[in-house]
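Given next are two forms of a protein chain, the same chain in both, each as structure tokens and marked structure 1 or structure 2.
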Structure 1
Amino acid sequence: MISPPLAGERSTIVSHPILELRHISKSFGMTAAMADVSIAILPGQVHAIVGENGAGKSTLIKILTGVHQPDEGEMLVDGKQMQIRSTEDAQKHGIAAIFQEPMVFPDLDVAENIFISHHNLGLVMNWATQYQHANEIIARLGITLDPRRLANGLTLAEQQTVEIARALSLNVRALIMDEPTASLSAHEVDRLVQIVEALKMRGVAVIYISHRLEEIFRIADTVTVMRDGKHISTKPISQVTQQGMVRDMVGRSINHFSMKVAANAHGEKILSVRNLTRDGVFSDVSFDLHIGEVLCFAGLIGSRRTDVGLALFGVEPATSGYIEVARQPVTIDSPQSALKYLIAYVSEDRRKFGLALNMPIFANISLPSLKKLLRLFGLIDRKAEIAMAESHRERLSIRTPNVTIDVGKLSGGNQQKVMLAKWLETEPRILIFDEPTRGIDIGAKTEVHNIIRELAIRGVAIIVISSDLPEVLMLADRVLVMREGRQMGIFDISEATQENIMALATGQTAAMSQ
């Protein structure tokens, strides 16, 4: 069932593609998500697909796995024309996917989450062996996760690893990964890369989508670029440069990637946290935050950075400790009280906590700042509301025909932008970003980084929780490293390096990390 890939086993000679799309088109109402796309996927290769947010990458995946049916075109599996009607169908053909938005079953434990959709495990459950198998897979992924734990309460990153485990355990011929590393940190990404390598050896075809271009260069054999639903280019990785790839993605050259700028001049102390503790979750977190400063929280997944954010926002209040905002001691026990002190928190999980997916874009953006729009008798000023949304749409280049469509219909990255807009609109004094650039393309990422810096310059105090170390190093004025609910240390940016942050985050001593 779950045979670990054998290192050294060579892939058989590649002859014909496992999967082939020919002239596939798909539109949702007015939006053409995919227009006449043809690609072929070869066994034993990693085929990367890149493109801006809304380029149609996820749509492509959903068509390959039968979640959506194409409007036009045909699909070939092993050279034979096939219709894939559902994910179940796809699995029967040996195709499995890790979707962009992790989807776990909160009431089932981790092991069941991994094995629930297996068709060939026999009629009767054997719980003990199931746990054992789950443990094996989890171990291969290099993470610690109790297979008996209910999926309810897993962090996004943990959910993502569960999904990866599920797909890996299926023993597939073609594995599709839609931004699998979006919420993983460097450590876990390394393991994933190793696993992908091993899969390649066994002749599995891997389709890999990511906005982290350095990852693409690490593992891809072939790169396909999509733009506006169209297929732009497919090239072997050896013929691709980062510049060229980006040009293909956006249709023009960009040179202004995020670059480290000099640290901001700090103003007054605005937030002071001492010995903040939530029993059993994290303890003794202490730091100061100044006006105009960007403080980054680094750590491995599950290091409880998010929980500190939640405590500061009052969603899961701390059980002890001391918080001072603008030199006044405060108690923060609900999001309302946090907002009262002008603290805002941008969640890492946009689908669960960030956005009301079945409501229009404008309603999502205006939600926490609705008060600004209220007129006589509490009536909402619709015009002002639309205008508010439009201005954000322009600034963040949210790709959508108009702001009245439901957020759920946007691509993942564009949803992320809507969520950012929603919190920027509250004009907070202290803004906590939890994985702010999760799943957004490099163009937009630069934009978000610029916005964060701009906010800082304008006097907002900012906390960024991020698993993306380059991002941390670029944004931060100071870096706070956490590990297993403990604050391991605070670096000034001048001392911080990838190495010393990782050393603290993984619990190695500084000496060992040389």
Structure 2
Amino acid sequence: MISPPLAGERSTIVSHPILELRHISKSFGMTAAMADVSIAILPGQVHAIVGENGAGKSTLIKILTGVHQPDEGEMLVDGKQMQIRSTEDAQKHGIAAIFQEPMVFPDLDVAENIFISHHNLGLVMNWATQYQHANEIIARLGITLDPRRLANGLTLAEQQTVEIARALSLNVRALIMDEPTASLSAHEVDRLVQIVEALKMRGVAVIYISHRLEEIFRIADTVTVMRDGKHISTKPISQVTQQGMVRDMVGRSINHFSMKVAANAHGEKILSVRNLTRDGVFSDVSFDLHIGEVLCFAGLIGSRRTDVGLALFGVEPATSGYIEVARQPVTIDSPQSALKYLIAYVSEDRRKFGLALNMPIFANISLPSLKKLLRLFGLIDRKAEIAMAESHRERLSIRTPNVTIDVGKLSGGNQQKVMLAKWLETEPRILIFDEPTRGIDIGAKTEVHNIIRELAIRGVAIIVISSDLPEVLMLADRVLVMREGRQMGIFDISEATQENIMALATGQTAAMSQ
């Protein structure tokens, strides 16, 4: 019989830290991942940790959860020095983490996932008691979720809720959230914020890591900035400005961050789509795309924006509809046929679908363009292949000492640039970006935005699929809004606002959609 340890009413908020890191250093070979970092985490507060990729945030998480041991320094729990040698140790001290890709067991139901970490299950299961306790935990988060529902049907937001409930069932005292909103829609982010507030009311300390600065100002009580493995600053959110935070993160001012870019002058129509349909997924999507235009697809999670992109690239072809490229009717039933018409697709999941992480940078960049490099007897001209990669390294400012190292060793932003270089080498006329800045830091995000606009200025027609509305409004010349597989309308950027876009995305009526 399960009797999970449930906390009682609101915990008493105390002023001393739950967790402290004092002068923590950690190196991997010659690389210093953290150097003399000291941070105090207070109960009932959201402590945001921000910094570029490579700043040391991931190493911090792994030290807090016992995955890595520090080389120097000490960790204190409730003022007492502790050694966290494993995730189980961390769990015993009330430390847990959830990540942007939730880890649930799809063939188990919600309640089973919540209590999967308990060791007192025994051989006899009292299912009624399990579901009752699961309901109690879920209710304390202020949400509704059926504990009998199978996890494989849950949205990402619901999966994250299950992970938070699992942590609560283990009396979590410090919950680390690593990029928790990277794959969430706007209304799902709102629900997560409500859950975080409920955790604060219970005295839980939340360590919140995100590249989305607007979320930091919305949710955090305290902000710590890290750069190059070093602690730069820790301040109450009331004393932080966006410009100052960015300056601390990157070591310089980014004056153009979040500035709206003037719309491009459009050329002739390059792509025409009419009544594009994939049975059971999306239907009747129609739009035109012009040379030098950035058309953004907006909508909530489940709106099927990505599915339209996959159909245009031939990964999951449409079942009906009409596509015209450069005024010629075409059939796109595979990525090979899409490439024939100079259409390229930059996937949202660079690690799973975009890159071969255990292969060198030069080999990743050349993959779609190997025919250019073939010499006698089908051999690849390695010198030309490396020269090709070097030209893209310089053009896109890929930060790497050379192009012979494995892509998996690069930061997220530089991996994104390698994936873009791979498709730029095909010289596309139409380039589809799916969540182009997901999970990359603010400096890399700005660079990717600049690259997109520069490509458009050079005449590439661009489709950007993004759940980040500020990004959509900054990049777009026009915005196509989808909801549950249907096209709800298209806004010119002069008419587009977050309110209008969200109104269509949620099925309401928005002014001036066309």
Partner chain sequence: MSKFLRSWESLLILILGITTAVNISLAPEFLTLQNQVNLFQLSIEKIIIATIMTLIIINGEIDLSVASIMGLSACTFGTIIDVGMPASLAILLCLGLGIMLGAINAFWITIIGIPSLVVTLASLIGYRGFARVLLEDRGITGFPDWFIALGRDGLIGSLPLSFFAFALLVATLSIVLHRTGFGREVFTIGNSAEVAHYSGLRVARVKSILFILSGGISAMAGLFYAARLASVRGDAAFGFELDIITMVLLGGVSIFGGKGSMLGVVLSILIVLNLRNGMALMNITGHIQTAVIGILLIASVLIPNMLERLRSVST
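Computed from a predicted model, the values in this text were never measured in an experiment. Here, a residue number simply tells you its place in the sequence of structure 1, counted from 1. Rigid core here is just the name for the largest C-alpha set that superposes within 1.5 Å across the two forms.
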| property | result |
| --- | --- |
| Of structures 1 and 2, the one that is the form predicted together with its partner chain | 1 |
| Threshold 2 Å Cα movement between structure 1 and structure 2 for Arg453, core superposed | no |
| Rigid core fit then Phe287 CA moved by 2 Å or more between structure 1 and structure 2 | no |
| Ser391 C-alpha relocation of at least 2 Å between structure 1 and structure 2, rigid core basis | yes |
| Core-aligned CA shift between structure 1 and structure 2 for Val407 (Å) | 2.5 |
| Rigid-core-superposed Cα shift at Ala157 between structure 1 and structure 2, Å | 7.2 |
